Ligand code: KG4
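The chain below stands alone, shown as structure tokens; this is the form predicted alone.
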Amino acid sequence: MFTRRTLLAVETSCDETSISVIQAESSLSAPDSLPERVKILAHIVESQTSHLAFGGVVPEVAARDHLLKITPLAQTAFEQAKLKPENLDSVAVTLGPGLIGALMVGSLFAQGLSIALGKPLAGVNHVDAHLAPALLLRNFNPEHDCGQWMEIDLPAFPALALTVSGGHCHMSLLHSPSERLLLGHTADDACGEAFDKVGKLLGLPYPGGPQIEKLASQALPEAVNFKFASTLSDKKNRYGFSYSGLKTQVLDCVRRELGFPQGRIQGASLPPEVKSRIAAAFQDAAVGQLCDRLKNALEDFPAVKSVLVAGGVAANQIFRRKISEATYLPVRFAPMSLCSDNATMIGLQALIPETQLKVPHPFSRYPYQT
């Protein structure tokens, strides 16, 4: 016998406005436990295009875009789920980290819906939520799996988790879905952010991550004559990350190739073969650092039984291949459709017991995490 609950999840931490509706079934004897299976009734992600002209996300523009889209997207989600708002049992929302204005739009929308319906509201940590799809599901394809029941399939614990996105690099040790020890994080730029900024250095469209992966694939391995450091100079830092220095190495390289030692540069004028070789060398170093940190953690925690990888950078195919080659343990990646920011990961995280955050009063002085 099962008890069924339905929740609506909201994600507005950066430049994706996303709404998801999820049903979960738990054992009748433990209705508040981790569900045994879930059904994603609606999965809507709308990426903002108004930032393309700026080469990066503008916080005020992002917040205003969320404000315009969030109510129509929620209405569309209810239509796709074939539900009415009163059919919900709870609401979940990203509390942070993220852009303050963007977070306020999603949080206030979720609070208003929760109050109007008289339903519980759960806050969710955005970085923790990135891992939820890899933690709970084997696969998810919105075209085929929406409306289908999917069994919850947990990895073997303890698990080593790597979350790599545009704003965050986290290495964590998981003893259960709700027990998480943070081992290391980035000291400056995150890996995804470095991809975007290097893409801008090379004159590539925003976002730079997919563009660099595509450009790097055009370089022949034997022709890549650039080399950037993929390990950190501080040998005591075994689990942390740093991408500021790598970004500077690429900047210096582009300056040398252009012959401009000072001033503002634009790598768009570089010969295509030079740009592809720089992109390949950068990608190799960026992914190499992630593999290096992972190997350190596996050496220091021999009891680890599995590896989880999530975040926007987890969509990079070279990254997936090299991480899989870096360990003999089973590796579970977040489904491709759930790597970048989305509300489905927020809803899945809200289903994990003892991980919900208290949503602050909207008129408190600093109500949102940054």
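The numbering used is simple: start at 1 and walk along the sequence shown. On a predicted model such as this, the values are computed, not experimentally measured, just so you know.
There is also a form predicted together with the ligand; it is not shown, and the following applies to it.
Of the residues 155, 177, 123, 207, just one reaches the ligand in the predicted complex with a heavy atom at 4.5 Å or closer; this is 207. Proximity to the ligand in the predicted complex, defined as a heavy atom within 4.5 Å, singles out one entry of 315, 304, 44, 58, which is 315. Residues 167, 213 and 339 are all found to lie within 4.5 Å of the ligand in the predicted complex, as judged by heavy atom distances. Judged by heavy atoms within 4.5 Å of the ligand in the predicted complex, the contact stretch among the candidates 189 to 197, 136 to 144, 263 to 271, 76 to 84 is 189 to 197.
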